[in-house]
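Take a look at this single chain in structure tokens; it is the form predicted on its own.
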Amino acid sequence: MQGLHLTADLYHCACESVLMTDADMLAQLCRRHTLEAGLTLVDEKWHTFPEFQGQPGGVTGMLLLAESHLAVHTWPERNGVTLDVYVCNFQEDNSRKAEALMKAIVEAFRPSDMQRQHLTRGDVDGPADAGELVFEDVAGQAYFGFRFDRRILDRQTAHQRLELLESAPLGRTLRLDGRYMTSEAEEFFYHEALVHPAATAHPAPRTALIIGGGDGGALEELLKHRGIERATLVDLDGEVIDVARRYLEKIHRGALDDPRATVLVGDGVDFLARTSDRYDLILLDLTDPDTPAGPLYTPEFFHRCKHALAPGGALVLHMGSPFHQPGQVRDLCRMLRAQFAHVRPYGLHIPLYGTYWGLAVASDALDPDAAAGETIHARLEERGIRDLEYYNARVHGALFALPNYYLRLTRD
């Protein structure tokens, strides 16, 4: 029967040690997360092993589910855990529930490293399609996924879960905390749209700051503007930068080591609080507001950004899906309007994100929507920017032509 089978091997777990040895505590945790995920508990069995050579014994347990099972095995002497979640999809698709259950239990054990497998099991009519089908949801409303031939990395960094997957259509694809960030094949949709509307509308950008963006894709687009003399990138997670340098050269194309670039590992809030530099462009290339990047989507942080801008400078950020996340988009537009004279939302469909995506340029002086197509074309030519896959002078204007439902959000 067609279904989803998830396994995880957890290493160097930082949870309380009792969770590895107390069957009752572990059983309570598993029951709670199983029910919260919306799965149906049928029966269970737990066993605590005796001490061995002075080391406490681990726990083996299983929850039998109407949808299939959850199995847990702890290895306290190694601070390790193996997990196994399988759900069949007979009457409904339970894949999202399985992913939620696995995520919750992994977070409870707090591993510093992890190996995961994601297997789509066969159908009654024959084998399922080859490859791992990795799902994602948009604001709990839309559910989509892509198949991948292999998992290159799956680890817990100090800040987030990092996955690097690979498929023929997308190439190498980066996910953080279970959300798609960028892929080799289609990264140009997001990175070109994030950078070029503001950078090209600005008459002469020379200094820029990117907060986030550890994959280097936005930095690579920014450095196509020959007038950029200095670009600083600050990302909270150094492991993202390391992984990008090693695996994602097709996305950053060496920009992380460009002599005009300074790449720092650190907190963007702290960086802006300390710096006295002023920037023509500040790009917030962040994960979503409900991630560790949350403090960077606040009025206080936007105020700091405003004061770090040079005269005529602009702030750029992505806001999420206007259709699936209208409240989030509306709130961000309100916050920006409280700080800046010009707030210009725009948008495009991003294949990896599965939906039409909203971005914005905010400034007291720069209005990219007012830049004529002839001006944009001339600046692209003057700056020698020709190797673009998405952005051009006509697309520039189209990005700011908003559908009515999105337009209403920006005015509320």
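Residue indices: 1-based, along the sequence shown. Computed from a predicted model, the values in this text were never measured in an experiment.
Same protein, other form: the form predicted in complex with S-adenosylmethionine (SAM), not shown, and the subject of what follows.
With S-adenosylmethionine (SAM) left out of view, choose which of 280, 235, 163, 221 has a non-hydrogen atom within 4.5 angstroms of it in the predicted complex.
In short, 235.
Since exactly one of 200, 94, 74, 182 fits, which has a heavy atom within 4.5 Å of S-adenosylmethionine (SAM) in the predicted complex?
Only one listed residue qualifies here, and that residue is 182.
Just one of 102 to 110, 237 to 245, 323 to 331, 140 to 148 has residues with a heavy atom within 4.5 Å of S-adenosylmethionine (SAM) in the predicted complex, so point it out.
Stretch with heavy atoms near the partner: 237 to 245.
Does residue 212 reach S-adenosylmethionine (SAM) in the predicted complex, with heavy atoms at most 4.5 Å apart?
Although S-adenosylmethionine (SAM) is absent here, residue 212 would touch it in the predicted complex, with heavy atoms inside 4.5 Å.
Taking heavy atoms only, is residue 287 within 4.5 angstroms of S-adenosylmethionine (SAM) in the predicted complex?
It does: once S-adenosylmethionine (SAM) is placed as it appears in the predicted complex, residue 287 has a heavy atom within 4.5 Å of it.
Does the 4.5 Å heavy atom contact test between residue 191 and S-adenosylmethionine (SAM) in the predicted complex come out positive?
Yes, contact at 4.5 Å.
Find out whether any non-hydrogen atom of residue 249 is located within 4.5 angstroms of S-adenosylmethionine (SAM) in the predicted complex, and reply yes or no.
Residue 249 lies outside the contact set for S-adenosylmethionine (SAM).
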